[in-house]
Ligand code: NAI
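To begin, one chain is listed below as structure tokens, in the form predicted on its own.
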Amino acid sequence: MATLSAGSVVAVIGSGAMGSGIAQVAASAGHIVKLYDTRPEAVAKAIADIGAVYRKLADKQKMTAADADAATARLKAAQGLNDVADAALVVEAIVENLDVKRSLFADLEGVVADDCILATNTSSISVTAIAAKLRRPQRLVGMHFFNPVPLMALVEVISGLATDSAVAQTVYDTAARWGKSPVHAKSTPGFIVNRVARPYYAEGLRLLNEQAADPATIDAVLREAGGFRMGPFELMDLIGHDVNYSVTQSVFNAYYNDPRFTPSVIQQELVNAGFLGRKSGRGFYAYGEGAVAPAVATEAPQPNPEYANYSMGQDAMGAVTSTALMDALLERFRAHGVEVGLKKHLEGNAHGHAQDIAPAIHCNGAAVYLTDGRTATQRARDSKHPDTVVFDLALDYGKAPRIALACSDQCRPAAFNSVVGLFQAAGFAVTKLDDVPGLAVMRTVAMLANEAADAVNQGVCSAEGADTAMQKGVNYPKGPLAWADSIGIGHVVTVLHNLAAAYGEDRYRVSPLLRRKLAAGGKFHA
């Protein structure tokens, strides 16, 4: 079995947003597309709308007028299922209901040829379960597109237990020829994206529940420091809390109440109140006429500190070490003319207290560390240094416009303000978070990497597939496993270990694959 030829017939069942998008992409790729829906008027409207999109693309010179006319001509309305008998591929994009999907595919088996591939666009239902009652279950595969289909590159190609590998490869190759970025996945709850993305929402909700900051501030930190296109709260408002909460519940139940996927009471309350986000006019934010965007908490300007120096850390053998992340931050300081002197030898801090073995910046008596998952308060106690400040992860310390800091409960205000002034002098807008373990970006990225590693460890996908899925499916700035490589597998494991110690929950258990990579001294990507 090979890639579907350009002239072969593709049938799309369901003319809603997903079905119309799939039809548009398939017709653009040269296929005759037969679109069927139980409502003939919906099919007519979908074909007219797709034709209008083609004309707009031609007007913008993104396709020729001739190609637009030809693609429109390839769109056909099917009057009934019998009209798709000549299809080489049928893609179902109907209601998310197992019984309804099973019934449709059973009917299709009586119509199409034995070598026709049957594909479901399900986002949450087991492909194995959909195929279970078919006469030829080996030809059914998941072909999960993301909305809006013409713009989103990812296609999850999902194999159930019975799916023939050649069928899955044909769909993979076909999606690639359509200009998509396909990834292979095993039929497990949430597949790749809806599983690996859970921590993005869950950690944001936990930060809010622990009063680390308000939604607008947490969103700003994830966007402006973490590089995410949208923060978790604005993204949940966009998706709809009813939908997002339902997916979380579905994954939680499917994994037999694994605490890693525990739904949030905060989101449940929003759903109970009918505050569903943009579509209802209110979620974490208010929408509509007169709505005012809430302010982001940003520290007031502080003077440059009197001095700042940097001491390298020690590894397990006592050798002096640095980290790539700390080096990138120091380069940012230098680029802005902020002098941070180098202190190579660890002889205790200015107050004669025990020195932390990690790399640190010292600023007017404050010791400043990259968060390792401990609170600043715990770290101050461990190092016997009251004036302790921790800073959050950034996607790119050289370019990030914002940084998040937290200080220990023991820290003097003057010491913290000197650290604020140091980061401000390097061009950062500084947000102070309450002293929560792992801050915002670091704990979120660590948990995303942990979940992606577990998916790889359990054979759901490859490391490359996990990273591609999260970048192409939900626009993450970096694949979670590539991000773990750049942070350092050891630091990610330390963060997770410290989160687990702080909360006493199995939720933060470290993936066996992360531990294995650490033990081998390896990375996910060469």
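Quick caveat: nothing in here was measured; it's all calculated off a predicted structure. Don't overthink the numbering: it's just position in the shown sequence, from 1.
Below, we turn to the form predicted in complex with the ligand, even though it does not appear here.
Peer 1: At the 4.5 Å heavy atom threshold, is residue 502 in contact with the ligand in the predicted bound form?
Peer 2: Residue 502: no contact with the ligand in the predicted bound form.
Peer 1: Given that the partner is absent here, does residue 202 sit within 4.5 Å of the ligand in the predicted bound form, heavy atoms only?
Peer 2: Contact check for residue 202: no, nothing within 4.5 Å of the ligand in the predicted bound form.
Peer 1: My question is simply whether residue 18 lines the interface with the ligand in the predicted bound form - judged by any non-hydrogen atom within 4.5 Å.
Peer 2: Result yes; residue 18 sits at the interface with the ligand in the predicted bound form.
Peer 1: Any chance residue 10 has a heavy atom within 4.5 Å of the ligand in the predicted bound form?
Peer 2: Close contact is absent here: in the predicted bound form, residue 10 is far from the ligand, nothing within 4.5 Å, heavy atoms only.
Peer 1: If you check 400, 308, 426, 94 against the ligand in the predicted bound form, which one has a heavy atom within 4.5 Å?
Peer 2: It is 94 that has a heavy atom within 4.5 Å of the partner.
Peer 1: Check each of 383, 159, 248, 123 and return the one that places a heavy atom within 4.5 angstroms of the ligand in the predicted bound form.
Peer 2: Contact check passes for 123.
Peer 1: Quick one: find which of 471 to 479, 66 to 74, 50 to 58, 33 to 41 has residues within 4.5 Å of the ligand in the predicted bound form by heavy atom distance.
Peer 2: Of the stretches listed, the one contacting the partner is 33 to 41.
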